[in-house]
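So this first bit is one chain, no partners, the form predicted alone, shown in structure tokens.
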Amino acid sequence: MIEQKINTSFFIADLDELSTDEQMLVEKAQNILKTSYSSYSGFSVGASVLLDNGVTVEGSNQENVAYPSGLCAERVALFYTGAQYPNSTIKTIAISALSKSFEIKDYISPCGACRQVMAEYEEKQNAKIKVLLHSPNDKVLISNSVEDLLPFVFRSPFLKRF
């Protein structure tokens, strides 16, 4: 048996240390929280995506009483981006969260399904996506690639038989 380790890299910054575009993206992620339909969990998530053409797309989580019929904020924003801007490259995604039932004190990381979708967009566009995870104390965890959040990503070649 051989032990192997995976290293991941990320940065922690104050919100005011980010570029103007990144600060605006975090602000949009916070603002879109208002449109979250999270009446069952009380856990609102907002995501905003910056494209290479300067367009930003926002999404919020949308729940449904018939779990798991809802959709996370990240996937709402990414799927809309894929449908409306199929030839654009996603540069950055910012994610923010708010809970009605408890105080969030740290960064909220995307769920596994969202990480997989983000990783597939990274693979599809053949370009890294910067991830900004905003915490309530205005600290931001910055990852320069989705792969740092999901090191054992499931890739499409595994499905190809020929």
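All residue numbers refer to positions in the sequence shown, first residue = 1. Nothing here was measured: the structure is a model prediction, and the numbers come from that model.
Just so you know, the form predicted together with tetrahydrodeoxyuridine exists too; it's not on screen, but the next bit is about it.
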Candidate from L50, V26, V131, V45 lying within 4.5 Å of tetrahydrodeoxyuridine in the predicted bound form - any heavy atom: V45
Heavy atom within 4.5 Å of tetrahydrodeoxyuridine in the predicted bound form - the one residue of N31, Q125, S41, Q116 that qualifies: S41
Partner proximity in the predicted bound form: E63 to tetrahydrodeoxyuridine, non-hydrogen atom cutoff 4.5 Å: yes
Touches tetrahydrodeoxyuridine in the predicted bound form: N137 (any heavy atom, 4.5 Å): no
S99, heavy atom within 4.5 angstroms of tetrahydrodeoxyuridine in the predicted bound form: no
4.5 Å heavy atom contact, S109 to tetrahydrodeoxyuridine in the predicted bound form: yes
Residues from 56 to 80 in contact with tetrahydrodeoxyuridine (non-hydrogen atom within 4.5 Å) in the predicted bound form: N61, E63, C72, A73, E74
